[in-house]
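Quick setup: one chain, the form predicted alone, written in structure tokens, and binding and motion questions come after.
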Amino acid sequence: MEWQAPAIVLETRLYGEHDIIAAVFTEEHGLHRGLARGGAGRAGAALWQAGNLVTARWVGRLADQLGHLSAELVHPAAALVLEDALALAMLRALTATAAGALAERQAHARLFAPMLSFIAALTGEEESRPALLADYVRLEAALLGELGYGLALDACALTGARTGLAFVSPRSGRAVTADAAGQWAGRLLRLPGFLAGGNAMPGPADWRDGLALTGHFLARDAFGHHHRPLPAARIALFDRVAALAGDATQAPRPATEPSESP
């Protein structure tokens, strides 16, 4: 059994003295792990950096075996953002979150292309990288949808209104208008304008609110259901963006709220 395909390197872990277990993400084969011989060496370490785009080749005697991975470097994304702390934080958070949330060997074709485009944009002009935080949040929302935890952000859960959406219920993932939120506003997640169809240019506070929103559902559903915490890289990205917004690091919001709230 074997296949060859364009892939995104998601994570690696040491296996023995010189080898690694690498996880890659492809359009057809999804998240796929394999043993990469020599992956811990100097050349291998540069190749198997999380976020790099490669042409991966997997070979196994049986389909359900770990098998062996080899690769050729196509785009050294990790090296290209190494000196940009925010871009590097986004790349690490994206790959760690995907590696931890996606089920192994299940195709997610609708997610692969947007991830590929995001990484390509992230390694582009440095001055445009902070604006990609909104796209990063959209990618996490798409990941939640792929996993069956999609957010309903197009209409108010209580009134059906499609304008004035300002919050999201941390229990149901449905949007709520500012008027309908009433006394429960303080217990709801803020919905940034760029996720609610707004045209205003998002800034640090919007990025922070978006990361808090998707992070809540990733922590509760994608990771919480498997009794795992959010990846440290994802937490670090939120902390960095919260600092940009002038905030101290926020504690996680509660996963539930009183039954009479939205």
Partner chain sequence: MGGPEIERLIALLARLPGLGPRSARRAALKMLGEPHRHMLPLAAALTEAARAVRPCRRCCNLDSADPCTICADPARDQGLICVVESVADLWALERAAVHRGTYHVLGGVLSALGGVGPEDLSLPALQARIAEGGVQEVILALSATVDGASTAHYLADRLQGSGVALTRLAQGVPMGGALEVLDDGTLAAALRARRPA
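Predicted model only: the values in this text are computed from it and were never measured. Numbering follows the first chain given and starts at 1.
Beyond the structure shown, there is the form predicted together with its partner chain, which is absent from this document and is the topic of what follows.
The three marked residues, Asp19, Thr55 and Arg105, fail to reach its partner chain in the predicted complex, with no heavy atom of any inside 4.5 Å. This chain is displayed without its partner chain, yet in the predicted complex the stretch 79 to 87 from 137 to 145, 109 to 117, 79 to 87, 169 to 177 comes within 4.5 Å of it by heavy atoms. When contacts are judged by a 4.5 Å heavy atom cut-off, Leu66 does not count as touching its partner chain in the predicted complex. Remark: Ala222 does not count among the residues lining its partner chain in the predicted complex, judged by a heavy atom distance of 4.5 Å or less.
In the predicted complex, its partner chain stays beyond 4.5 Å of every heavy atom belonging to Ser70.
Within 4.5 Å of some heavy atom of its partner chain in the predicted complex lies at least one heavy atom of Ala46. Scanning Leu31, Ala40, Leu35, Ala50 against its partner chain in the predicted complex with a 4.5 Å heavy atom cut-off leaves one residue, Ala50. For the stretch 1 to 37, the set of residues having any non-hydrogen atom within 4.5 angstroms of its partner chain in the predicted complex comprises Glu11, Thr12, Arg13, Glu17, in sequence order.
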